[in-house]
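In the block that follows, a single chain appears as structure tokens, in the form predicted on its own.
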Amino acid sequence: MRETFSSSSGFALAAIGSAVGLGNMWRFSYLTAEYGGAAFLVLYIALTVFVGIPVLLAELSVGRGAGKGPIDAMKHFGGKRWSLLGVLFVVTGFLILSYYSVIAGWTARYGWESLVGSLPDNPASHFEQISQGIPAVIWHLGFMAIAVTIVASGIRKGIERTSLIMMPILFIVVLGIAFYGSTLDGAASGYRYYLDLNWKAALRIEVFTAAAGQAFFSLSLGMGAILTYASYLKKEESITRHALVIAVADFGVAFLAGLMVFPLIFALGLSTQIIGTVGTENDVGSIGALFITLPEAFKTMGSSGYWIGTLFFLALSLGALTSAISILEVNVTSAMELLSWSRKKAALLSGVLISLVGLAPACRIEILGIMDALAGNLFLVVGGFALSVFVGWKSIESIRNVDLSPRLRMIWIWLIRVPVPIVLSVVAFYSVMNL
């Protein structure tokens, strides 16, 4: 008998955990500050409503309706030919997790170094040493071992139980650091920069595509993770209500992360090192700020800095882990259905294969960048585009699974038939141009 989530809240927290990851906790804040502040927020929210939520509903409807993983679910509604889209979801998740776990390993390592009081004196040199080679391999394998253990324990005892514990902790930590940041001198300048209303900066095509991509990626769409979780959802659950809860919580964490990060940046005197550098020769990017600039600042704060650094990287690690287990579950569910493997066997062998592929980005950071550009940008958008076309134009049966009023259903169908494919085509085009 197929497992299900034991409660509505268990599914909701697991799905939110899938959506909330490193991209929400840092990349969203970074883009918002650089691309118009409050103007970018308005653009992002609009694209979440008109692009993200429609595709989210599509994944939920296909997964819950079929009660199967990506490959079998697409085959169930569209026949053997459409099962290839399910294969794309599995491949995309496989590749993303193979390098995502490397970055998550860096995050966990920095959290440990903050906890034991051993933040480096030279963060740039330290990051260069630990971001590739044997140190990166060890933490990558350790992170994957934790993810495999959780997924192997099952939906209720593993994924649901972990989400019920980790997600409240993540929310509390983010709120706590945000509150602490509000008490620091310079916090007001951080808020002012983060939420500056600059339509001139926001109304550019590259900003539009960045906001659309962030709205899409932050909801964990295009790789079958939400679809897979929905396949374990009870039939009487409202997928429309879950879609709204997931979207609101996802945005809420991302927004709070900005309220956490920018007061710290300004209070610690890091604004000139990070702010306004995108596209310039001084651009340190999100990775540079996370693993070079911020650890240096935490160290200068003394004992309080080590505690803040520990909590900061703990929040990032929890977000990374809940996202990782959802991606791994896509591969595990598919292996269980197609190969008739037990959950433990599927989790172990999938984890081993992903870990082996992850050795390449762990050893060479350049490979990590290539894999992210290909799978993390292009494949996700292609998958989302194909799913919106499938649900909007092909699968009438999956549309019936969405509990919307007739008027809202018509609006949703129109969105996934016309605007969503157009927007995702533009994002895909720019992703290809930037490869």
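Note that residue numbering follows the sequence shown and begins at 1. For clarity, a rigid core is taken as the largest C-alpha set superposing within 1.5 Å between two forms. This one's a predicted model, so the numbers in the text were calculated from it and none came from an experiment.
Not pictured, yet referred to below: the form predicted in complex with a small molecule.
- Only one of 233-241, 131-139, 102-110, 319-327 lies within 4.5 Å of the small molecule in the predicted complex by heavy atoms, and it is 319-327.
- Across the proposed site, 98, 331 and 335 without exception lack any heavy atom within 4.5 Å of the small molecule in the predicted complex.
- Residue 22 is the only one of 423, 22, 416, 12 with a heavy atom lying within 4.5 Å of the small molecule in the predicted complex.
- Listed residues 217, 77, 291, 298 were compared with the small molecule in the predicted complex; 217 is the one with a heavy atom within 4.5 Å.
- Under a 4.5 angstroms non-hydrogen atom cutoff, the small molecule in the predicted complex lacks residue 261 among its neighbouring residues.
- Looking at residue 347, you'd find every heavy atom of it more than 4.5 angstroms from the small molecule in the predicted complex.
- Remark: residue 151 does not count among the residues lining the small molecule in the predicted complex, judged by a heavy atom distance of 4.5 Å or less.
- Within 4.5 Å of some heavy atom of the small molecule in the predicted complex lies at least one heavy atom of residue 223.
- Relative to the superposed rigid core, residue 379 undergoes a CA displacement smaller than 2 Å between the shown form and the other one.
- Relative to the superposed core, residue 27 shifts its CA atom by 2 Å or more between the shown form and the other one.
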